[in-house]
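One chain is shown next in structure tokens, namely the form predicted alone.
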């Protein structure tokens, strides 16, 4: 028997990706997968890519999950806190939702509404000190997908003092799986294909998380829905500090020299989403705008990998005393 894990909310896209990663993980033993409307259905009937995984969705109730050593909470925003409070203290938890990411209760109320459930250890191992903090935590809040793509691009530049934190601009395109699996008219194939559309302009809920994690103090963020299932491509810009700014690519390369999942690409090669598909990697490239002088970093991730399920497994590995790369791939799938 391996380490017993369970997934609450396993019928969604992130939940299905978690099940796939757990099934291939050498140390984890999946003992329960729960859902709401899909309870009682075979997992493979909802996730045909998991044919051969002989498991039936249970109801999302504490009794179904309490016997696990670690539970992944892949629930809609606002639903994790109540379930977490009902689980035994000895069960480790990784929350893929937003409930426990923000330290500022006012920011939670402004962007999500309702009462703030309190902050857990933030689940981005590549931030300074976070790998050790996650390793000793029993409650970890995994990152938002846009937040990890943006923070990995931005945080080292702000920490090194080469980029100004008060005028950060981000435009990020995401695949449709980032909007979840629930049927929505604007996500129909006939609506999405051949189209790019911005949404939540000037008011996206990942803004306070990005500021909290990266150190930015002023952020303009525009998300764009792209006609692809998976992936995020974020373009992050900020003004330099001083008249002779440091080369941003070198700052990133130094910051991530020992990070197994963050790859600063060779000079002249730019990230693209297909190269990260199915992986837990983030690809980065940076330059200085020859006209404005602004620092530019482009970041690519799989929103269901490093942006969700892969990141959660990376955190779980650290919490369980395993190498953080266990069961995760640095390489994407092509074509």
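Residue numbers count along the first chain shown, from 1. The structure displayed is predicted, hence computed values, not measured ones.
There is another form of the same protein, the form predicted in complex with a further copy of the same chain; it is not shown, and what comes next is about it.
I need the one stretch from 228-236, 90-98, 141-149, 125-133 whose residues put non-hydrogen atoms within 4.5 angstroms of a further copy of the same chain in the predicted bound form. This holds for exactly one stretch, 228-236.
For this session: Decide if the three candidate residues 3, 25 and 253 all line a further copy of the same chain in the predicted bound form, where lining means a heavy atom within 4.5 Å.
Result: Per the other structure, none of 3, 25 and 253 touch a further copy of the same chain.
Does any heavy atom of residue 40 come within 4.5 Å of a heavy atom of a further copy of the same chain in the predicted bound form?
Judged by the heavy-atom cut-off of 4.5 Å, residue 40 is well away from a further copy of the same chain in the predicted bound form.
Open item on the list: Can you tell me whether residue 222 touches a further copy of the same chain? I mean in the predicted bound form, with a 4.5 angstroms heavy atom cut-off.
Closed with: Although a further copy of the same chain is absent here, residue 222 would touch it in the predicted bound form, with heavy atoms inside 4.5 Å.
Practice prompt. Report yes if any heavy atom of residue 249 sits within 4.5 Å of a heavy atom of a further copy of the same chain in the predicted bound form; otherwise report no.
Written response: Close contact is absent here: in the predicted bound form, residue 249 is far from a further copy of the same chain, nothing within 4.5 Å, heavy atoms only.
Would you classify residue 64 as touching a further copy of the same chain in the predicted bound form, given a 4.5 Å non-hydrogen atom cut-off? Residue 64 lies outside the contact set for a further copy of the same chain.
Out of 85, 106, 201, 257, which one falls within 4.5 Å of a further copy of the same chain in the predicted bound form, going by heavy atoms?
Spelling it out, the residue with a heavy atom inside the cut-off is 201.
query: If you check 117, 213, 207, 164 against a further copy of the same chain in the predicted bound form, which one has a heavy atom within 4.5 Å?
result: Contact with a further copy of the same chain in the predicted bound form is made by 207 alone.
Residues in 184-199 with any heavy atom within 4.5 Å of a further copy of the same chain in the predicted bound form
184, 185, 187, 188, 189, 190, 191, 192, 193, 194, 195, 196, 197, 198, in sequence order.
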